[in-house]
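One chain comes next, on its own, written out as structure tokens in the form predicted on its own.
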Amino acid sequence: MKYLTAAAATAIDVQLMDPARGGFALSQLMELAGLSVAECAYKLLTGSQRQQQRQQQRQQVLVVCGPGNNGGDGLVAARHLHHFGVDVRVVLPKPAVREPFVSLVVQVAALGIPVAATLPSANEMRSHVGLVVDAVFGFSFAGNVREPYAAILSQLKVVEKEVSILSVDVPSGWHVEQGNVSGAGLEPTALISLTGPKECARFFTGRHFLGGRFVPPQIQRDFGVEIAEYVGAEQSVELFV
């Protein structure tokens, strides 16, 4: 499997937004990536048994959004999960101040999805949260985690062995190429790589999904990205390596 460096992941995004190559706007990419995340989260939450589905749909999904594009993917995912019939809450530690994030927050609020700046307590997460979507930091993250996100990650680490976590593209706190070198990053239950797995995914041992059905085949071939076989209407596929 081809693993992408941060530079390669950035180059793919540039190609996707090139009018002559991919033709996508940033907001479109967020919409499609967020849909992939939501579909993957729904798979994890409901499982394959009808009885499981009825039981687990009552459990809440907590979508934790960071300040960058990863957070935008999370906001889109929250909206789609709501339309899938899931009880969703959003944690947005810092208010959105630019587009398309401002509009994404308006869309979420218009559906009555609660948006808070802080996480629920550890006990509340253990009791009521069936899945946390970690959309805090993506492949452009570098350096030390600053507040308020350092506290958010610390709180999630307290419950990460008891509450399932799906990380978007890169587990938050990980170096995009070297993995969880500080030990302070999340150790999620599952990871959904977008467009292609990043180098850090080599060190990930949980369930690994790929989302990126929207990436044109030629761009996938140019970067040596895994061309996955999606079935029917699915937007994510589990990788077995």
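Start at 1 with the first residue shown and count on from there. None of the values given here were measured: they were computed from a predicted structure.
What comes next is about the form predicted together with another copy of the chain, which is not displayed.
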Contact label in the predicted complex: Val215 to another copy of the chain, heavy atom within 4.5 Å: yes
Contact label in the predicted complex: Val14 to another copy of the chain, heavy atom within 4.5 Å: no
Is His83 close enough to touch another copy of the chain in the predicted complex, meaning at least one heavy atom pair within 4.5 Å? yes
Does Gln59 reach another copy of the chain in the predicted complex if we count a contact as any heavy atom within 4.5 Å? no
Among 158-166, 130-138, 145-153, 96-104, which stretch has residues with heavy atoms no more than 4.5 Å from another copy of the chain in the predicted complex? 96-104
Checked 219-238 against another copy of the chain in the predicted complex; residues with a heavy atom within 4.5 Å, sequence order, are Gly232, Ala233, Gln235
